[in-house]
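Two forms, one chain: they're shown below as structure tokens, one block per form, named structure 1 and structure 2.
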Structure 1
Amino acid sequence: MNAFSSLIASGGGLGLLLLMVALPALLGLACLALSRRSYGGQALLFFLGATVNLILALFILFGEEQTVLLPWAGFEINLALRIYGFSRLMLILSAVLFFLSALYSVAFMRRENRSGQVFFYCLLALAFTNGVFLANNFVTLLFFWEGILAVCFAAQLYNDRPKVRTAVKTLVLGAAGDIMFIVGVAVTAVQSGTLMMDVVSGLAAEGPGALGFIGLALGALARACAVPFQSWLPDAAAEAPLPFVVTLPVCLERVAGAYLLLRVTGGFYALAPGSALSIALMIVGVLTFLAGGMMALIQRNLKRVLAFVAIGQAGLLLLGAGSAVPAGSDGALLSLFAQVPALMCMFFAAGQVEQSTGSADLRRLGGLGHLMPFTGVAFVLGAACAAGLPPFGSFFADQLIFSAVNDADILLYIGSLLGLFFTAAALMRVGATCFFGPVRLPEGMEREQVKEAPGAMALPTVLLAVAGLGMGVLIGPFSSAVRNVTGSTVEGWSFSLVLCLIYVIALLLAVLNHITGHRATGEALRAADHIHYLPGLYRVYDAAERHYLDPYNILMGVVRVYSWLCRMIDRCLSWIYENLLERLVDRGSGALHDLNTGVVNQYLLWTLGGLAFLVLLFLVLV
């Protein structure tokens, strides 16, 4: 341990930078440099990067706190790094999840083209994410933060026919959040008088400080794929390679967004419970939770369903962090540990289904639990955790969050219950459609062609599936360990039996809703039709499916209107300069030409008249 501490502190802290940031990036470049035919070498380097990163994160978790300062440009713009309780927790979480994702991806990408490119982007994203957790200077944080967005944009240009629109949507929405993030950093630095993050604490979230808080919070929302920055994720989930989807938006970006959000609400700024900003953040959380669950309920593509569920889960993080009370913040952190593995598990199962059957269209799939039992069980366990069923860890995390929301505002609590209902109903619908009932396969495919996933893909899926259950069974020791690492002073639990009962009733209503809809339509896929086609709700769903409610399309509509106004103004100015002024000059010169008759008396008369006008003007002014 002492040798490791000496290594990361070597060169004034340069060792830490090289190990946690530069090493994954260099291994990623090596993957990219290898020939496409050298898949074994690419996979080895990729898995080596994930393994070394996990080992280093474990050393950091049990090591000493470190502060590293490498002077750079003056004006406190330094390459500052810091290892402390919260950053150690985020490093180990992302390292474990990335390792499991790498194990899965190595087997998954064997049949795919350009594996080196995907591995490169994943390792580069890991390097930037590690930098976010280690950064102790706002300028350093900005560099790594923007690096994640750049990787996310570039990685979506993966296919031979790149989905440019989705990549551009990702860039535009991410950049919109990051612009506000930069504003928040600037205001926070002015308010605190420093760029060093460990010095900034307890700033007032009012007056000019409110702008700093809002800017930093919006930057976190953009990374967590919360409203209004969420619409790119479902498109990317359906189009991009699965390792990218799981590694970046579902895992690394989600953890990075939660990390920044919790630091903003519970560290940089003193957010008062019940304040306008606290309520506003919770409203965004409820809208995100509701939007994700409601849209997941009507999707017919397996990966799009899971993408909308992931969006909804970001709402729970916002609700907990926005409550500005210890129970809510602890609930948000525990929810992160429960929900991200559950989401990854379901995406892994979806990848196995798509790779085995050649389709993610729920209209062409059914009864796969008979043919892929391990995948089916893993998906069900992941869905149960994502839905917050007891005794999974997410259930206990949700109780803390819902209790904090109930104390803040009853309407927000009711909205959260609706989000829980829609999410659970959507997961039941997709699980029952895909894995239960009679076997249904794409046209031309036989049952014998459907194979269970290989061990390298099944192992991380199963481990992630049981993670939520294990966390729930060991919730006491687990939460105590998390609090010890973060230094939290909160002790014990404050569950309300009444709120737990209401929570369980909401889940039971989701079960009853599915059973009723299934019996009415005869198909699990159509079990939510009675909700989808409600007279008032149908119009909302129709507008959403036509992308009328897509924030990106709304923003692009505003840009088009602005562009049209600019064109109109340009045409008006061109007409004034090229037509109106030309005509005025032409007619004026013609009139002067007509006055030039050559008669001396007329010239004298014009001269005397002009002189009289000047004298009169002088008398009036004096």
Structure 2
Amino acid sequence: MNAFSSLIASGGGLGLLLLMVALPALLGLACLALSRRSYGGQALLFFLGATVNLILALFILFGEEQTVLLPWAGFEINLALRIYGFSRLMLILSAVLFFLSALYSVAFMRRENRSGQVFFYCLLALAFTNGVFLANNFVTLLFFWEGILAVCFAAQLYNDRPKVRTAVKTLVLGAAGDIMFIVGVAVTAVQSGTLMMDVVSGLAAEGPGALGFIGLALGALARACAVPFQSWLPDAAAEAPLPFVVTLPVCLERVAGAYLLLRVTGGFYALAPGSALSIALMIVGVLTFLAGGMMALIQRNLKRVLAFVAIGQAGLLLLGAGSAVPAGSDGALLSLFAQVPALMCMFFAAGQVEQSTGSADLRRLGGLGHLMPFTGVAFVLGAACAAGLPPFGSFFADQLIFSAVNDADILLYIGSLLGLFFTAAALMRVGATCFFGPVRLPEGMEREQVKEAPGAMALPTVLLAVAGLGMGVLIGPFSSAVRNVTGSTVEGWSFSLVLCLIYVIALLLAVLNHITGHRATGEALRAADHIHYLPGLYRVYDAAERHYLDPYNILMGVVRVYSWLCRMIDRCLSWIYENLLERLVDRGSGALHDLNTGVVNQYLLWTLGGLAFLVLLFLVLV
């Protein structure tokens, strides 16, 4: 242990840098190098990576503040790392969640192909995410930030069932956000005169600074899967290997996105509450929350429902961080601690359902709670936490956020309540369909074939399910501990009882909506049909289902028109070189040819004219 400690402390934190960033990456490479036959070796390395990462994060949590500065690419672009309060918190959160994910993935991937690749991508993503939390230089941050995107793209392209379109969508949408992030970093560096993140604080989000703020915020939104960067997630959730989906977009990317968002709104820039940028961020938050909840309500694939819920939850983070008040930011951070475990828990349960029944199609599933009781209970607990039910931790976090939103703008508050309603209704619909009522299984599958998840998969699922409840029960000490580490100025729970009541009423309305819809249609899956086919709303849903509202498709539509225009311009320029100039030369030489008549008088006239021109030229020049 002493040797371990000395390695960590060596070189003023250099050892820590090596371990936190390089170790997961190296172990990932080792997983990739091992063949599928040695699954035990791959799993061992993967689990070892997760465990060592957790131990290191614990060391950091209780260790001292450290910094590392290595020269890199000049112009103050240094490999600068720093361990301090907020980064400690994010590191321990991601390490714990990754550890649980690793435990689940090792058991899950036993029956899947390309396990080495999945483990490699997960560990590489962990290395980059650790880098994000440790980065103390904007370009270092960018490096790790875009690294996560590259891993996300590669993981979807190079796996057992490559989904090219989804991979392209992921990279294009992610790159759009990241390129704006680079612009934001460059503007921020000019505004502050430095690239060192610990020096930059409280910049004015006005004038050019507004562009810096917007750029950084867009980068964070892209990683957190908020509108308009979200549309790849449902496709990826349905198609990609589950450990990848849980580890990257649901866990690591979300935590990284929230981390950056909170640093941008509450650290680098002094975002004024009620300012145009604050309201704009909150509008995006409400749109994300609403879009996620509404779309989750009509999905027929279990994992797509969860993906849309995850998108909606990103909206909540945005609402809290965008409010630019300490209580809102505090709520966003606590919400992150509650919602990510809940989402992971539900995805794990969905993975167990899919692996056990061979399907994630809600039309072919039902009553699985009888056959998979642990999974069913865990899913229900996770859903309750994600929906923000009391006494789960998310309930308390949501009160802070909703209170801040209400203070900012009443319309945004109403929009948030609608988002809450849709999310809760969607989760009730999916939970009731999948785990309650009569047993329904895919064709050809018998009840005896459906088995409860093995212990290694059930344990992390149950732990995550209990985490939200535990956080709610111990919200006082938990929030104090978090606030101590981050240095938050918020104290106690100063939200209004009326707002709390309205929040609960919105949840009760979601329950009522489900019961009514279920009774009317006789099916839990169609419990939201009355909303789906509501006049006016139906057209919106129809457009969304046809992907007309998909930001990626809209972007590609613009690209098609723009590229057609560019091609026309290019063709015109080519025509000038290849045709027009040639014709002009032909005409010119033809005219000269015509002038060459062989008549001496004409030649004399030309000669005299030329002489006169030269004389004139000489006179002008002299």
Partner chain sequence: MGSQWLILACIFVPLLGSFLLPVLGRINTNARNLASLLFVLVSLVCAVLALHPAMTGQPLRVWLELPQGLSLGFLGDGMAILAAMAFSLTAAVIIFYSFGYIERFENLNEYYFMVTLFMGAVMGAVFSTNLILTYAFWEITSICCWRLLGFDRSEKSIRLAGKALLVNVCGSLLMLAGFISVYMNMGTFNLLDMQGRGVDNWLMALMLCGILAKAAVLPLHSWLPASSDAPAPVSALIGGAVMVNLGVYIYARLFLAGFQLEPVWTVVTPAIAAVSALISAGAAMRETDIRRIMAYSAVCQTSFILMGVSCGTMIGAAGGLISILMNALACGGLFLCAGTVERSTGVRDINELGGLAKNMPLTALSFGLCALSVMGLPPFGGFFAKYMLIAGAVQSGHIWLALLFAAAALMTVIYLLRVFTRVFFGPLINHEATERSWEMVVSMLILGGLTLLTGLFINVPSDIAVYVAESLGRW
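If you superpose the two forms and keep the largest set of C-alpha atoms that fall within 1.5 Å, you have the rigid core. In this text the structure is predicted, and so the values were computed from the model without any measurement. Just so we're on the same page, residue numbers count up from 1 along structure 1's sequence.
- The chain appears twice here, and it is structure 1 that represents the form predicted on its own.
- Hinge residue, chosen from Leu584, Thr194, Gly470, Ile569: the C-alphas switch from fitting one rigid part better to fitting the other at Ile569 when the forms are compared between structures 1 and 2.
- Of the two rigid parts that make up the chain, the smaller rotates 20° against the larger between structures 1 and 2.
- On core superposition, Ile576 has its C-alpha offset by 5.6 angstrom between structures 1 and 2.
- Taking the core as reference, the Cα of Ala612 moves 13.8 angstrom between structures 1 and 2.
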